[in-house]
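We begin with a single chain expressed as structure tokens, specifically the form predicted alone.
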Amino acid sequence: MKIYLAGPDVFLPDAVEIGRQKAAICAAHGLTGLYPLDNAIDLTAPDASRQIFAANEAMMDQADAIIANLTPFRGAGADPGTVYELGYMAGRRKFCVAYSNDGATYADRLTRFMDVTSEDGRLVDAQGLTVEDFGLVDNLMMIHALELHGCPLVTPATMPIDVWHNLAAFEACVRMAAARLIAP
């Protein structure tokens, strides 16, 4: 069974090594990890971004499931590319599993970046826009997509010191995927 390994990990300085580690964890559980950086793309080509998009969608089409890293990236929420990939897979009714190494609610995390106040019984940000406040770790669409198309979001009991290199929550997702996808 093939698992598409989505997440902002591809932007880390040691992205290739992280991909190798994740693929090795998958293999140890009888799964094949498909990591986006496994695609051979000439980044100097004028259409490199289109090639990356097409190659990643082709990889997702080959996969039986997705494990998405929804750890907040460059802000209070998940990486938008990863969110797209999760939606793509959920839309194809493939098995969806995800984790976040930051288990704080989205509303709480937003306060790390801007002032959030209560106004007329709702939370609002510094621009006066309503802050989604359902006590969920991220946007309700992702959280409920996971519940309906796979397993609830995996979060650690306490946030790891290094959220980008601690793979314990990832491995928990791999175990869930293996239990679901590999016949006993």
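Note that residue numbering follows the sequence shown and begins at 1. Computed from a prediction, not measured in an experiment: that's the story for all the values here.
Keep in mind the form predicted together with a further copy of the same chain is missing from the figure; the text below concerns it.
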Hey, in the predicted complex, is residue 81 touching a further copy of the same chain, heavy atoms inside 4.5 Å?
yes
How about residue 128: is it within 4.5 Å of a further copy of the same chain in the predicted complex, going by heavy atoms?
yes
Given that the partner is absent here, does residue 38 sit within 4.5 Å of a further copy of the same chain in the predicted complex, heavy atoms only?
no
Taking the shortest heavy atom distance, is residue 118 within 4.5 Å of a further copy of the same chain in the predicted complex?
no
Under the 4.5 Å heavy atom criterion, name the residues of 76-104 that approach a further copy of the same chain in the predicted complex, in sequence order.
78, 79, 80, 81, 83, 84, 85, 86, 87, 88, 90, 91, 92, 93
